[in-house]
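For reference, the chain that follows is the form predicted on its own, supplied as C-alpha coordinates.
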(Lines give C-alpha, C1' and ligand atoms only; values in the text may rest on other atoms or scores of the structure.)
Protein backbone atom coordinates (compact mmCIF):
# COMPACT_ATOMS: atom_id res chain seq x y z
CA UNK A 1 0.00 0.00 0.00
CA UNK A 2 1.39 3.41 -0.99
CA UNK A 3 2.24 5.73 1.86
CA UNK A 4 0.22 8.96 2.16
CA UNK A 5 1.46 12.37 3.26
CA UNK A 6 0.11 15.65 4.56
CA UNK A 7 1.18 18.74 2.61
CA UNK A 8 1.52 21.98 4.55
CA UNK A 9 2.30 25.34 3.02
CA UNK A 10 3.98 27.95 5.22
CA UNK A 11 3.14 31.38 3.84
CA UNK A 12 5.99 33.48 5.14
CA UNK A 13 5.79 36.65 3.00
CA UNK A 14 3.58 38.43 0.50
CA UNK A 15 3.69 41.14 -2.13
CA UNK A 16 0.40 42.97 -2.41
CA UNK A 17 -0.38 44.30 -5.86
CA UNK A 18 1.85 43.65 -8.82
CA UNK A 19 1.63 44.80 -12.41
CA UNK A 20 1.22 42.20 -15.14
CA UNK A 21 4.25 43.77 -16.86
CA UNK A 22 6.34 42.75 -13.81
CA UNK A 23 4.89 39.24 -13.76
CA UNK A 24 4.21 37.92 -17.26
CA UNK A 25 6.10 38.03 -20.51
CA UNK A 26 4.35 40.67 -22.61
CA UNK A 27 2.19 41.62 -19.62
CA UNK A 28 0.46 44.99 -19.66
CA UNK A 29 1.52 47.85 -17.41
CA UNK A 30 -2.18 48.75 -17.17
CA UNK A 31 -3.20 45.41 -15.62
CA UNK A 32 -2.78 45.11 -11.85
CA UNK A 33 -2.67 41.65 -10.30
CA UNK A 34 -3.41 40.55 -6.76
CA UNK A 35 0.29 40.01 -6.05
CA UNK A 36 2.40 37.04 -5.02
CA UNK A 37 2.66 34.97 -1.86
CA UNK A 38 5.87 33.26 -0.74
CA UNK A 39 5.91 29.71 0.62
CA UNK A 40 8.00 27.02 2.17
CA UNK A 41 6.46 23.53 2.27
CA UNK A 42 6.70 20.46 4.45
CA UNK A 43 5.51 16.93 3.74
CA UNK A 44 4.53 15.04 6.89
CA UNK A 45 3.81 11.36 7.49
CA UNK A 46 3.47 9.43 10.74
CA UNK A 47 7.22 8.97 11.08
CA UNK A 48 8.91 11.54 8.84
CA UNK A 49 8.93 15.21 7.84
CA UNK A 50 10.49 16.36 4.56
CA UNK A 51 11.00 20.09 4.02
CA UNK A 52 10.59 21.38 0.47
CA UNK A 53 12.42 24.71 0.06
CA UNK A 54 13.48 26.64 3.13
CA UNK A 55 12.00 30.04 2.20
CA UNK A 56 13.89 33.29 1.88
CA UNK A 57 15.91 35.22 4.45
CA UNK A 58 13.93 37.95 6.23
CA UNK A 59 16.45 40.71 5.47
CA UNK A 60 16.31 39.94 1.76
CA UNK A 61 12.54 39.65 1.63
CA UNK A 62 12.17 43.07 3.25
CA UNK A 63 15.05 44.57 1.31
CA UNK A 64 13.39 43.61 -1.97
CA UNK A 65 10.09 45.20 -1.04
CA UNK A 66 8.06 42.18 0.06
CA UNK A 67 6.00 42.11 3.24
CA UNK A 68 7.30 39.70 5.88
CA UNK A 69 4.66 37.62 7.69
CA UNK A 70 6.63 35.26 9.93
CA UNK A 71 9.61 32.94 9.76
CA UNK A 72 9.04 29.68 7.87
CA UNK A 73 11.13 28.09 10.61
CA UNK A 74 8.49 29.17 13.14
CA UNK A 75 5.88 27.60 10.89
CA UNK A 76 7.68 24.28 11.05
CA UNK A 77 7.83 24.48 14.83
CA UNK A 78 4.07 25.18 14.95
CA UNK A 79 3.62 21.90 13.10
CA UNK A 80 5.82 20.05 15.57
CA UNK A 81 8.82 19.89 13.23
CA UNK A 82 12.14 21.03 14.72
CA UNK A 83 14.39 22.39 11.93
CA UNK A 84 17.48 21.35 13.86
CA UNK A 85 16.37 17.70 13.65
CA UNK A 86 15.07 17.62 10.06
CA UNK A 87 16.92 14.98 8.04
CA UNK A 88 15.72 15.72 4.49
CA UNK A 89 15.36 19.01 2.59
CA UNK A 90 14.39 19.05 -1.08
CA UNK A 91 15.46 22.13 -3.06
CA UNK A 92 13.00 22.56 -5.93
CA UNK A 93 15.33 25.14 -7.49
CA UNK A 94 17.91 27.59 -6.17
CA UNK A 95 16.26 31.01 -6.53
CA UNK A 96 16.93 33.27 -3.56
CA UNK A 97 13.44 33.04 -2.03
CA UNK A 98 13.63 29.23 -1.80
CA UNK A 99 17.08 28.68 -0.26
CA UNK A 100 17.51 31.48 2.26
CA UNK A 101 17.52 29.33 5.41
CA UNK A 102 19.83 26.45 4.49
CA UNK A 103 21.92 26.88 7.63
CA UNK A 104 18.87 26.31 9.86
CA UNK A 105 18.95 22.57 9.06
CA UNK A 106 22.30 21.38 10.46
CA UNK A 107 21.47 17.65 10.38
CA UNK A 108 19.77 17.58 7.01
CA UNK A 109 20.79 16.04 3.73
CA UNK A 110 19.79 18.27 0.84
CA UNK A 111 18.52 17.15 -2.56
CA UNK A 112 18.43 19.11 -5.82
CA UNK A 113 18.57 18.45 -9.55
CA UNK A 114 22.06 18.21 -11.04
CA UNK A 115 21.18 20.61 -13.89
CA UNK A 116 20.38 23.30 -11.33
CA UNK A 117 23.85 23.09 -9.82
CA UNK A 118 25.40 23.11 -13.28
CA UNK A 119 23.46 26.28 -14.06
CA UNK A 120 24.28 28.21 -10.88
CA UNK A 121 28.00 27.39 -11.07
CA UNK A 122 28.52 27.60 -14.83
CA UNK A 123 28.30 29.91 -17.81
CA UNK A 124 24.64 30.78 -17.14
CA UNK A 125 25.76 32.98 -14.25
CA UNK A 126 27.97 35.10 -16.50
CA UNK A 127 24.77 36.61 -17.93
CA UNK A 128 23.40 39.29 -15.59
CA UNK A 129 19.80 38.69 -16.60
CA UNK A 130 20.06 34.94 -15.85
CA UNK A 131 21.60 35.36 -12.42
CA UNK A 132 19.10 37.98 -11.30
CA UNK A 133 16.92 35.48 -9.43
CA UNK A 134 19.95 33.84 -7.80
CA UNK A 135 22.15 35.25 -5.05
CA UNK A 136 25.81 34.35 -4.69
CA UNK A 137 25.51 33.80 -0.93
CA UNK A 138 23.03 30.94 -1.27
CA UNK A 139 24.76 29.46 -4.33
CA UNK A 140 28.00 29.30 -2.38
CA UNK A 141 26.21 27.60 0.51
CA UNK A 142 24.87 24.93 -1.84
CA UNK A 143 28.35 24.30 -3.19
CA UNK A 144 29.57 24.07 0.39
CA UNK A 145 26.97 21.41 1.14
CA UNK A 146 28.34 19.34 -1.74
CA UNK A 147 31.85 19.62 -0.29
CA UNK A 148 30.48 18.57 3.12
CA UNK A 149 28.90 15.48 1.48
CA UNK A 150 25.43 16.70 2.47
CA UNK A 151 24.04 17.27 -1.02
CA UNK A 152 22.55 14.54 -3.21
CA UNK A 153 21.80 15.21 -6.86
CA UNK A 154 18.51 14.07 -8.37
CA UNK A 155 18.70 13.29 -12.08
CA UNK A 156 15.65 13.31 -14.33
CA UNK A 157 12.52 11.76 -12.83
CA UNK A 158 12.24 9.23 -10.03
CA UNK A 159 10.91 8.25 -6.64
CA UNK A 160 12.15 10.20 -3.65
CA UNK A 161 10.31 8.16 -1.02
CA UNK A 162 7.29 5.92 -0.81
CA UNK A 163 4.42 8.17 -1.94
CA UNK A 164 6.65 10.97 -3.28
CA UNK A 165 7.91 11.17 -6.85
CA UNK A 166 9.97 13.94 -8.44
CA UNK A 167 9.74 15.17 -12.03
CA UNK A 168 12.22 17.38 -13.86
CA UNK A 169 10.20 20.20 -15.40
CA UNK A 170 12.91 22.78 -16.15
CA UNK A 171 11.89 25.97 -17.93
CA UNK A 172 11.66 28.43 -15.05
CA UNK A 173 15.12 27.30 -14.00
CA UNK A 174 17.38 24.68 -15.54
CA UNK A 175 16.75 22.15 -12.78
CA UNK A 176 13.25 23.09 -11.63
CA UNK A 177 11.49 20.02 -10.24
CA UNK A 178 7.91 19.26 -9.21
CA UNK A 179 6.77 16.65 -6.69
CA UNK A 180 3.84 14.27 -6.95
CA UNK A 181 2.67 13.54 -3.42
CA UNK A 182 0.18 10.84 -2.46
CA UNK A 183 -2.36 12.29 -0.02
CA UNK A 184 -5.60 11.07 1.53
CA UNK A 185 -7.44 12.52 -1.48
CA UNK A 186 -5.11 11.05 -4.06
CA UNK A 187 -2.03 12.38 -5.88
CA UNK A 188 -1.29 16.11 -5.66
CA UNK A 189 1.42 17.81 -7.73
CA UNK A 190 3.43 20.33 -5.75
CA UNK A 191 4.69 22.41 -8.67
CA UNK A 192 6.64 24.91 -6.58
CA UNK A 193 7.77 27.53 -9.14
CA UNK A 194 7.32 25.40 -12.22
CA UNK A 195 3.99 27.24 -11.99
CA UNK A 196 3.71 30.45 -9.97
CA UNK A 197 0.04 31.16 -10.63
CA UNK A 198 -2.79 28.90 -11.83
CA UNK A 199 -3.34 31.43 -14.62
CA UNK A 200 -0.10 30.29 -16.25
CA UNK A 201 -1.64 26.88 -16.92
CA UNK A 202 -5.18 28.06 -17.59
CA UNK A 203 -4.08 30.55 -20.26
CA UNK A 204 -0.54 29.37 -21.03
CA UNK A 205 0.57 32.79 -19.86
CA UNK A 206 4.35 32.83 -19.58
CA UNK A 207 5.96 33.98 -16.33
CA UNK A 208 8.54 36.73 -16.80
CA UNK A 209 11.52 34.88 -15.29
CA UNK A 210 12.66 31.78 -17.14
CA UNK A 211 15.70 29.78 -18.19
CA UNK A 212 14.06 28.27 -21.28
CA UNK A 213 10.77 29.74 -22.48
CA UNK A 214 9.68 26.79 -24.60
CA UNK A 215 10.52 24.30 -21.85
CA UNK A 216 8.55 26.36 -19.32
CA UNK A 217 5.48 26.40 -21.57
CA UNK A 218 5.80 22.68 -22.21
CA UNK A 219 6.00 22.24 -18.45
CA UNK A 220 2.64 23.96 -18.02
CA UNK A 221 1.08 21.43 -20.37
CA UNK A 222 2.90 18.51 -18.82
CA UNK A 223 1.72 19.28 -15.31
CA UNK A 224 -1.83 19.87 -16.52
CA UNK A 225 -1.67 16.36 -18.00
CA UNK A 226 -0.19 14.98 -14.78
CA UNK A 227 -3.34 16.05 -12.92
CA UNK A 228 -5.68 15.24 -15.84
CA UNK A 229 -6.81 18.86 -15.95
CA UNK A 230 -7.92 18.91 -12.29
CA UNK A 231 -6.19 22.07 -11.08
CA UNK A 232 -7.28 21.41 -7.48
CA UNK A 233 -4.52 18.77 -7.58
CA UNK A 234 -1.90 21.20 -8.89
CA UNK A 235 -0.27 23.52 -6.35
CA UNK A 236 1.48 26.62 -7.78
CA UNK A 237 4.32 28.26 -5.92
CA UNK A 238 3.11 31.82 -5.38
CA UNK A 239 -0.60 32.13 -6.13
CA UNK A 240 -2.49 34.35 -3.62
CA UNK A 241 -5.60 32.27 -4.37
CA UNK A 242 -4.08 29.35 -2.43
CA UNK A 243 -5.09 30.89 0.88
CA UNK A 244 -8.68 31.24 -0.36
CA UNK A 245 -8.98 27.67 -1.63
CA UNK A 246 -7.32 25.58 1.07
CA UNK A 247 -7.94 25.22 4.81
CA UNK A 248 -6.01 27.59 7.06
CA UNK A 249 -4.33 25.78 9.94
CA UNK A 250 -2.96 28.87 11.69
CA UNK A 251 -2.84 32.63 11.22
CA UNK A 252 -0.12 35.08 12.18
CA UNK A 253 -2.09 38.09 13.29
CA UNK A 254 -4.66 38.53 10.55
CA UNK A 255 -2.52 36.82 7.91
CA UNK A 256 -3.01 33.17 6.91
CA UNK A 257 0.28 31.54 7.85
CA UNK A 258 0.04 27.73 7.69
CA UNK A 259 -2.27 26.02 5.18
CA UNK A 260 -3.34 22.42 4.72
CA UNK A 261 -2.75 21.80 1.03
CA UNK A 262 -3.90 18.20 1.13
CA UNK A 263 -7.54 19.19 1.29
CA UNK A 264 -9.79 21.60 -0.60
CA UNK A 265 -12.45 23.89 0.88
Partner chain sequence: MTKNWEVYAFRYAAMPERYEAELFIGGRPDANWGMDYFFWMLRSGTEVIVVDTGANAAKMPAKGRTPLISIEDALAGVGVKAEDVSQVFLTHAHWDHIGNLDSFPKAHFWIQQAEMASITGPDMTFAKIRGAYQADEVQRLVGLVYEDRITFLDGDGCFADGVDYLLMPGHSAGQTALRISTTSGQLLLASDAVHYYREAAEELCFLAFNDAKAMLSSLRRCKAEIAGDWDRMIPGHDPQVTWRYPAETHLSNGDPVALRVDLAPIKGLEL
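Every value quoted in this text rests on a predicted model; they were computed, and no experiment measured them. Positions refer to the first chain, counted from 1.
Below: the form predicted together with its partner chain, not depicted.
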Exercise: residue 135 in contact with its partner chain in the predicted bound form, heavy atom 4.5 Å: yes
Its partner chain contact at residue 79 in the predicted bound form, heavy atom, 4.5 Å: no
Exercise: residue 168 in contact with its partner chain in the predicted bound form, heavy atom 4.5 Å: no
Interface membership of residue 74, its partner chain in the predicted bound form, 4.5 Å heavy atom rule: no
Candidate stretches 169 to 177, 142 to 150, 188 to 196, 79 to 87 - the one whose heavy atoms come within 4.5 Å of its partner chain in the predicted bound form: 142 to 150
Contact test, all of 18, 25 and 64, partner its partner chain in the predicted bound form, heavy atom 4.5 Å: no
Of 117, 102, 164, 108, the one that lies within 4.5 Å of its partner chain in the predicted bound form (heavy atoms): 117
Residues in 113 to 132 close to its partner chain in the predicted bound form, defined by a heavy atom within 4.5 Å, in order: 114, 117, 118, 120, 121, 122, 123, 125, 126, 131
